[in-house]
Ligand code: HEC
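For reference, the chain that follows is the form predicted alone, supplied as structure tokens.
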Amino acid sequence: MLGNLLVLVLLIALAALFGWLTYRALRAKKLWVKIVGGILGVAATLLFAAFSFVFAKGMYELNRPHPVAAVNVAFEHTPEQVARGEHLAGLLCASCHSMNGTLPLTGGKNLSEDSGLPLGDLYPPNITPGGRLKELTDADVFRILRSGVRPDGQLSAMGFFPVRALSDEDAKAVIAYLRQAPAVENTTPPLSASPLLVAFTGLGFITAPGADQPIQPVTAPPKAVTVEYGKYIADFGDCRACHGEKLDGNAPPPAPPGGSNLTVIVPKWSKDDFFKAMRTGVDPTGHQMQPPMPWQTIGKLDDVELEALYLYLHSLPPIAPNQ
């Protein structure tokens, strides 16, 4: 926080400096100094003023208080929920909240490493009963999953991930599993956003759409091999974070570059090709998929879920590159 504040002060100081230099240039006696100095000075002043505005907006968005929305959900913690929640936690949570991508969720590595960008210290915390979970009620956890807002009104990193697309029943299942998971003592470093992450937030590349909204019920289609259920899988599985809103490979920063155009590639694959690629990491051409493609995580989907996802991706109209 202090480092980002110093960056903001520096940007404002540079805008003021170039504004003063512009004023001096316009008052010069030589015409060429007035013209060249004035043009360059105005351009630099406006540039650093814009940088200052974007950076200040990013800091505000990351640190401002958010409404703590009411949660009107009953939590049962049935054995069936625990089993479903364990499956979902292995799919959705372990890739970030675990060092090796498996349960238990004792805390993960710095997510900046996967992005390939200096985004700061983004360590997913320990969310076993031995970590921060013990400080939260079921309603608190549900709110964080749905909106990303902590009980104190501050935004958590979960606000930037699409777990809000989980249905109420699936979200409750995750909570049921977390409550009975083995307690592990482990502490991860606190969140610390880099200037680049602040700038991305100020530019609107990183948003938390549910943070200021009331919590509305979310339902999922029946679990079946259907396009509708496949879309549900793609939504909460965050396919669009790397492959773009249209899944055509055009995703804005901080997504890693080079996301594949799924609307063109997957329709060329058979169901067996897709299953093999997601379960082994080798596509039909024999190419080994490379990080950050999370084929190991996607491969944890059961057969119904994976076939539904294939059916959904197969149903997408093809989009030409750069369309």
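From a predicted model like this one, the values you see are computed outputs, not experimental measurements. Residue numbers run from 1 along the displayed sequence. Take the two forms, find the largest set of C-alpha atoms that superpose within 1.5 Å, and that set is the rigid core.
Below, we refer to the form predicted together with the named molecule, which is not included among the displayed structures.
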Testing 193-201, 210-218, 67-75, 143-151 against the named molecule in the predicted complex with a 4.5 Å heavy atom criterion leaves exactly one stretch, namely 143-151
Partner-free chain; cross-checking the named molecule in the predicted complex, the single residue of Leu103, Ala139, Val184, Ala157 with a heavy atom within 4.5 Å is Ala157
Exactly one of Asp238, Asp114, Glu86, Asp168 comes within 4.5 Å of the named molecule in the predicted complex through a heavy atom, and that residue is Asp238
_Since the partner isn't included here, can you check whether the named molecule sits close to all of Ser260, Met289 and Leu313 in the predicted complex (heavy atom within 4.5 Å for each)?_
yes
Quick one: does Phe161 come within 4.5 Å of the named molecule in the predicted complex, counting heavy atoms only?
yes
Closest heavy atom of Val227 to the named molecule in the predicted complex, within 4.5 Å or not?
no
Heavy atom of Leu309 within 4.5 Å of the named molecule in the predicted complex | yes
My question is simply whether Val42 lines the interface with the named molecule in the predicted complex - judged by any non-hydrogen atom within 4.5 Å. no
Residues in 120-151 that come within 4.5 Å of the named molecule in the predicted complex by at least one heavy atom, in order, are Leu122, Tyr123, Pro124, Pro125, Ile127, Arg132, Leu136, Val141, Ile144, Leu145, Arg150
Did Lys268 shift 2 Å or more between this form and the one not shown, C-alpha, core superposed: yes
Query - CA of Arg240, rigid core aligned, shift of 2 Å or more between this form and the one not shown - result: yes
Core-aligned C-alpha movement of Leu11 between this form and the one not shown reaching 2 Å: no
